[in-house]
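Okay, so here's just one chain, in structure tokens, the form predicted alone.
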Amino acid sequence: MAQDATSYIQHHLTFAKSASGIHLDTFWVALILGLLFVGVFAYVANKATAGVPGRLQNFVELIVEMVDNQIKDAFHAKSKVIGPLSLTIFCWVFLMNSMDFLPVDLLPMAAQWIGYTFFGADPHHVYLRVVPTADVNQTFAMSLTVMLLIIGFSISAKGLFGWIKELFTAPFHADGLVMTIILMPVNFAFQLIELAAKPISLALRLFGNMYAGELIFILIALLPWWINWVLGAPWAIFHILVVTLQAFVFMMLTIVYLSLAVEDH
């Protein structure tokens, strides 16, 4: 029984990989959800009316207004990028996190059936993980993009020379030339640590929470059916908060980091 449970867990935590090692399930699920987000919002934007809006338009406007309010409170500069970026981050991360609400065996078993029926593949060697944010590669890719945006926003606001100068003169400032030169390597080291800590904290926070949630759902699925609902339903309800909160935190930290990037020390 222990071996069966171990095999079940290992199978559900194994990625579908290409020959080059790319996690195909993470890539395709994230891409489809991203296209879904863009498609729905584009549809609502094209069908938007100034009269009595429909439920979908009300829902989209509620999300846009929420994101806009957070930007106004946390971002104290002008940018045409920060609004669409923040909205995309919140909605995309939320959709990827929400894949955790699907029954654990639903899509993996469908993938096994398709693989066996149409390609003659051994079901035991057909893998599918449906929560992209439970893949550390996905969360790090997003956080590294945020780090590049931080650098881009800093250069845009301060100029290339101003950004390089800040790398060596902050956070510890000095009046004299000698002390400035002495503090340059210290400042540079602190700046690199600060810059590296931001994507690491973004990636690991999101990955850790979603991986833990995915694992708990898998463990609950191993229990008898009459216990599944008793434990699974409360955890799913609680997980709604986790899914939404993690998307909100990723968005807010991105806004705050970009706001800090355009400000002088």
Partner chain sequence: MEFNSSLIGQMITFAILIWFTMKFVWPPLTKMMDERAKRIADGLAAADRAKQDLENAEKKSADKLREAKQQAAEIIAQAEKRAAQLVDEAKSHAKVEGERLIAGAQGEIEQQIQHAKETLRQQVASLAVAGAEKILQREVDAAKHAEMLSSIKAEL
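Numbering follows the first chain given and starts at 1. None of these values were measured; they are calculated from a predicted model.
Omitted from view is the form predicted in complex with the partner chain, to which the following refers.
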- request: State yes only if every one of Ile82, Gly120 and Tyr211 has a non-hydrogen atom within 4.5 Å of the partner chain in the predicted bound form; otherwise state no.
  value: no
- request: Identify which of Leu106, Val178, Ile193, Leu160 has a heavy atom within 4.5 Å of the partner chain in the predicted bound form; exactly one of them does.
  value: Leu106
query: Is Leu102 one of the residues lying within 4.5 Å of the partner chain in the predicted bound form, judged by heavy atom distances?
result: yes
field: Touches the partner chain in the predicted bound form: Ala236 (any heavy atom, 4.5 Å)
entry: yes
task: Indicate whether the partner chain has at least one heavy atom within 4.5 Å of a heavy atom of Gln138 in the predicted bound form.
output: no
Exercise: Ala221 in contact with the partner chain in the predicted bound form, heavy atom 4.5 Å: yes
query: Among 236-244, 23-31, 36-44, 195-203, which stretch has residues with heavy atoms no more than 4.5 Å from the partner chain in the predicted bound form?
result: 236-244
message: With the partner left out here, which residues of 35-55 have a non-hydrogen atom within 4.5 Å of the partner chain in the predicted bound form?
response: Ala50, Gly51, Val52, Pro53, Arg55
